[in-house]
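Taking the form predicted alone, here's one chain by itself in C-alpha cells.
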Amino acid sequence: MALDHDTLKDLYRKMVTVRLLEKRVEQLVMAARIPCSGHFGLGQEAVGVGVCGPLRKEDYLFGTHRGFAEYIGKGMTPAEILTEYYGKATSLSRGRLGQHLLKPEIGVMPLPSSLGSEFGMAVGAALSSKLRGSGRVTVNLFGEGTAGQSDFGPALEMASLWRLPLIFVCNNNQYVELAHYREVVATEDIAPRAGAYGVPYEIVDGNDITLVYQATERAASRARQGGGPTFLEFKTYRRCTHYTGDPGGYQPKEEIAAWAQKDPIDRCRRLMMAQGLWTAADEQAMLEAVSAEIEAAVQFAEESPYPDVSTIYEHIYA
C-alpha cells in the first residue's frame, strides 16, 4: 500500500534536510568552528527518517551517533542539533552533551557514549511502558557492528520473554568503522539472530523510504497490540568515510558508485514525480527553504553564549 501524498512529501523534505545539514556541519567541523568530529550517514537517510515516520511523539527513540536522520525524523530541528554540537547554553542540555543528542519531550533519549550500552536502557524504557500501560513503543536503533556488543543477546532475550513493545532496528550500512561487515560478521544478515530468541524479524531495503516506513508501521502496530518485540534489519550503505578526517580508501570506488545509483533521496524524488506530486519548481523552493533554515540555525548557534562556569555543578548528582 502506497504512502499518502502528504506523508511522502514530509519524509522527503526531512531526508533532504538531513543531507544538507550534515554537509553543512562537515564544513563547520573541518573549519574548526564546531569543537567535535562528525560521523555522517550519506546515502542512508531513509532508515532514520523512515523508522521515525510512523512513531508517535511520545514513543521512545534510542538513536546512534551516525548522522542526524533519526533525530530530524523524530522532530528535532537543525537549531537544536547545532547548538548541541557547538556546546552552547541554548542547547537542550545547556551545553553539556555535545554530540549526544536528546529531546525527552518528543521521546529522544540521550545518546550514550559507549555503543551498545543503550540495549539495556531500551529494554528498561519498553518495560516501563508495559508496566504503566502507556501504549508507548520504544525503538532501539543501532548498526551492524554494535550488534556484536555483549548486551545485544540479553536485550533480545528479555524483550522476548517479557513481550515488550520494543523495535530493534539494525541499520546495516555495510561498514563497521573501517572494515566491511563481512570481514567481522560470518553471516550475510544480522536479523536471523533474533529468531533464536523468538523475536520475529524482517530484512528490508533500507534505501526505499516507503518500505522502511511500512515495516516500522507493522512492527509498531504489533507492539502496541501486545505482540511483543520485532527485529528490523535495513540494508543500506554509507557513502562517506567513518568520520571527518578519515582518509578513506577502504571502500571500492565501484561499490560507492553502484550504491549511489540507489540513493534514497533520488528514489523518493523520482517516485513523487512519477505520481505527479512533485515538480522542478517544488524542488527548488524546498531546497531554498531548507537551506535558509539551516543557515539561520548556524547563525543562532554561533551567536549563542557558552554556559557560564558558575553553572558547572547544576543538573548533576550530589
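When you see a residue number, it is the position in the sequence shown, counting from 1. Predicted model only: the values in this text are computed from it and were never measured.
One more form of this protein should be noted, the form predicted together with a further copy of the same chain, which is absent from this view; the next part is about it.
- Only one of 188-196, 227-235, 166-174, 210-218 lies within 4.5 Å of a further copy of the same chain in the model of the complex by heavy atoms, and it is 188-196.
- Checking D151, E80, D205, E202 for any heavy atom within 4.5 Å of a further copy of the same chain in the model of the complex turns up a single hit: D151.
- Remark: S160 counts among the residues lining a further copy of the same chain in the model of the complex, judged by a heavy atom distance of 4.5 Å or less.
- Residues are counted as partner-facing when one of their heavy atoms sits within 4.5 Å of a further copy of the same chain in the model of the complex; in 164-182 only R182 qualifies.
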